[in-house]
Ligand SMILES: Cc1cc2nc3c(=O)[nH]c(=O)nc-3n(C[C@H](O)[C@H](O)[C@H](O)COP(=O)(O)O)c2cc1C
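Encoded as structure tokens, the following chain is the form predicted alone, with no partner shown.
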């Protein structure tokens, strides 16, 4: 998730919940047209030395510039990455308007042209993330045969259209219709916010072995661990940490990393508040106290308010 699941978050999460995620997809690296003179800045979030202590990560690329895609993918391979992911799911209007993210899905000829150029020229394997379309959920019908023609490592499907953004519900009926048509390993993504959500998808689609979790892990940082525990046993571990205390410990760890950033105190508070808008969803406490965090002007005050709610 752009601006949120960057390396700072991934490292703090992995310290608090080691092994909870099998791997992460990085926030997208935008491909620019040309010779990528600023490629060093682009890959900063996924530099191996910066990710020491983080969870395994697959870099995600956004764009439709085929030459730039190949150059950036191969640069990432030289850094040690054996897979890159092409984002054809981003619903942001300013992205989609340029035929990027889900905005490319109404143009299957363009998708094929890019894959024709990129697939034989990149060193890492390629996976893709798609939505059902941008304007219509039937757009995916023309995309799947194209994807089937290329050696992709996986296809992640978020069963919404781009124009929905994150509103409404995933179209599970359409997902059920297209699932047998995809020849590649399929990963499901969309509205996995509870253990029940996970079980519901796995029960309805038993052939889908991998599930991508996004906002659910920010609403409830314990969710990935809870899912793995549920899958491993019908009985919760007696040594499992108290959920609220564990979430508070993670928030404290994240805040320590934000405090260490070389940015202004105002920027640090702003960044923590971005996380808090999601992390506060499942924590106890009144709405009034949760809003106090958003009005605090010092990081220490934010920290103390959050710790008080977690007691």
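Numbering follows the first chain given and starts at 1. What you are looking at is a predicted structure, and each value in this text was computed from that prediction instead of being measured.
This protein has a second form, the form predicted together with the ligand, left out of what is shown; the following refers to that one.
Listed residues 172, 142, 212, 195 were compared with the ligand in the predicted complex; 212 is the one with a heavy atom within 4.5 Å. Put simply, of 137, 71, 83, 191 only one has a heavy atom within 4.5 Å of the ligand in the predicted complex, and it is 191. Using a 4.5 Å heavy atom cutoff, 60, 87 and 158 all lie near the ligand in the predicted complex. Contact annotation: the ligand lies within 4.5 Å of heavy atoms from the stretch 182 to 190 in the predicted complex, the single such stretch among 105 to 113, 119 to 127, 182 to 190, 142 to 150. Within this chain, residue 276 is remote from the site of the ligand in the predicted complex, having no heavy atom within 4.5 Å. Though the partner is left out of this view, residue 166 does reach within 4.5 Å of the ligand in the predicted complex, counting heavy atoms only. Interface residue remark: residue 2 is counted as part of the site for the ligand in the predicted complex, having a heavy atom within 4.5 Å. Residue 250 falls outside the set of residues with a heavy atom inside 4.5 Å of the ligand in the predicted complex.
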